[in-house]
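First comes one chain, alone, set out as structure tokens in the form predicted on its own.
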């Protein structure tokens, strides 16, 4: 097996979103792909509300040396992947640092308080400004919109995983994605997932994705 060096060890990645966005599936897929490459992977998950729409956060600790505790220490995330933009702000407040890289979907999911008119949801420019002042690098990905264009709205999480691969920050690419996904799907379903993954890689490399 080819040796691949991490930028640091352990490398700490958080995937965050709300219930129903496929947060857990994304973390398991990424973890399985890296485990197949010989990395030690520890995953810790937290759920704000045990129903659709509640906050969900997965901690992935990636190491070539050993297993680590599942909880990333405060202020030590290396990458934050947000399937919902305000979740990026919530997570970076606890786990961010001046060097963290943030990849955020642009499509909001409004909580009940906002829908009821009791709370105000920040505009995307406010979210950009907040994250820009707290992170080293921030990239916004129109993942949900691209998934809709592909005719598969549920594949926003796969597009975000493709964006992670596109950054080159971790040893994870299309072949790794295909190897894991082909264990549970085939045919047109597998093809549409690969297309979404490739679209995510393209988006993160495009100048307008930031």
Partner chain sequence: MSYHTDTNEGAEYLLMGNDAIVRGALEAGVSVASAYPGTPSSEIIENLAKASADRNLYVEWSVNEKVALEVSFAASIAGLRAICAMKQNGVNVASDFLLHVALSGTRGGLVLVHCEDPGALSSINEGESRHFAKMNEVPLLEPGDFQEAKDMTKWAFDLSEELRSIVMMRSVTRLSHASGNVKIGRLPVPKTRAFFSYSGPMLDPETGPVLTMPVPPHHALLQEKIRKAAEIFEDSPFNTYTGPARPELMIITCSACSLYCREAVHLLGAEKRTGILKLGTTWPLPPKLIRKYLSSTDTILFAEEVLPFMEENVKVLASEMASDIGIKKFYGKNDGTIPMINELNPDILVEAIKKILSIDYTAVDPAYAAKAKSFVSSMAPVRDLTFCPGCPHRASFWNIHNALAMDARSGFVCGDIGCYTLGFLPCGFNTMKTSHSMGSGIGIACGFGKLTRFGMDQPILAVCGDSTFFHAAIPALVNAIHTKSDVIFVLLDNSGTAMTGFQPHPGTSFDAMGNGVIQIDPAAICRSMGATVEFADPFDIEATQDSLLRLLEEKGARVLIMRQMCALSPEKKGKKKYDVSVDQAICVGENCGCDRLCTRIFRCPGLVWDFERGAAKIDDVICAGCGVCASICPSGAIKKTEASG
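Not measured: the values here are computed from a predicted model. Positions refer to the first chain, counted from 1.
There is also a form predicted in complex with its partner chain; it is not shown, and the following applies to it.
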Next item on the list: Using the partner position in the predicted bound form, report whether residue 130 sits within 4.5 Å of its partner chain, counting heavy atoms only.
Entry: yes
Please tell me whether any heavy atom belonging to residue 178 falls inside 4.5 Å of a heavy atom of its partner chain, as the geometry stands in the predicted bound form. no
Just to confirm, residue 86 within 4.5 Å of its partner chain in the predicted bound form by heavy atoms?
-> yes
Within 4.5 Å, heavy atoms only: does residue 109 come near its partner chain in the predicted bound form? yes
Site check 54, 96 and 118: each within 4.5 Å of its partner chain in the predicted bound form by heavy atom:
yes
In sequence order, the residues of 59 to 74 that place a heavy atom within 4.5 Å of its partner chain in the predicted bound form are 61, 66, 67, 68, 69, 70, 71, 73, 74
